[in-house]
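Presented below, as structure tokens, is a lone chain in the form predicted on its own.
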């Protein structure tokens, strides 16, 4: 009965209630859209840079990250790999060897990173089929190269063309070779596209004269597992004087800093919107309370308990806020689905790529975003209820009924 009474009371002044509901709806709609856009952008950045290349956790030889040369590589045995893979949260491991090299074709040359990979295992971390633009992906027995599209564009490489590599191998050995290009990749990261050259792990080890050596042991984590907890378990297992364990936050701190800085700006905007909503709801509740003091005095005089009157006012405020929040959540969902992914025009896309970002923003379409903002509105409405609650508790029926 009290809920039905509260619902009817909301619509006693339809114009005021509709204005308040509209303000709540717009705020929730914009907040959900803004956070879906931001979190989608962050998730895409992490997947492109971390989930699709560097991995969430890496194990190196001690000192490798400060001096990334082939001499700081290590040779993992089967027992070591089995111990790492037995840790809770680790799904599998990927071995890589990487070194800088001078690449040359025709009259052009440039610096690239040559990375030896295990093609079959790499597919568990990187969806190579979606990265392939032309040609064929590397296979276990391949003697060719896959190159980033930026490298291919710089040298004007086509499938079957030869790329000459010249560098320094393990313990000062000369690293030199000429290899055919069998595939061109789009790594979804402009910087990686401009410097990445891939070959199979055995071929790279032979090129660098580093048999059975690797520079990176990448750990592929299970879904929803915390990489920091996994890294801590690994550090407790291995000799920290021989190996170093790093999460993506340590390896790419600028990515985390960029995300935190941008997220802080978004949260400030959300805070401003909810401050407006708070004052909007409070203004409505204030007017409703002041206009109905006489009514409250009559109800209490004829025997209605103050606690029931307080419950009615709480129901009114919560219902008012809930209608706007539900509308905002319900209408934001199809908009997010329709807009995702956002693709930029050619000129703006080029600008984004020059800054090192992929020019596509998939909006995050998860239920936790609208639920979070729904709970925020519910919490705001409960706080606003403190005002009519205090008025009713202090209300003197005789004074309230005086005209």
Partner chain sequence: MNVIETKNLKKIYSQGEIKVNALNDVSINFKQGEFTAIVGPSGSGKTTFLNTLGGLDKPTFGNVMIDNLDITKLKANKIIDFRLRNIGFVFQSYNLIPVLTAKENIEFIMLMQGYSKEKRNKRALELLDAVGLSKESKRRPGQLSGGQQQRVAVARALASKPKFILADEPTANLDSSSTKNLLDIMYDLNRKEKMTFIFSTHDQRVIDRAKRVITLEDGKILSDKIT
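Predicted model only: the values in this text are computed from it and were never measured. Residue numbers count along the first chain shown, from 1.
One more form of this protein should be noted, the form predicted in complex with its partner chain, which is absent from this view; the next part is about it.
305 is the sole member of 130, 260, 305, 222 with a non-hydrogen atom lying within 4.5 angstroms of its partner chain in the model of the complex.
Here is the short version: of 84, 163, 213, 299, the single residue with a heavy atom within 4.5 Å of its partner chain in the model of the complex is 299. Checking 91-99, 73-81, 290-298, 107-115 against its partner chain in the model of the complex, the stretch whose residues place heavy atoms within 4.5 Å of it is 290-298. Its partner chain is not drawn, but in the model of the complex it has no heavy atom within 4.5 Å of residue 17. Proximity of residue 12 to its partner chain in the model of the complex falls within the 4.5 Å heavy atom cutoff. With a 4.5 Å cutoff on heavy atoms, residue 5 counts as touching its partner chain in the model of the complex. Among heavy atoms of residue 401, some come within 4.5 Å of its partner chain in the model of the complex.
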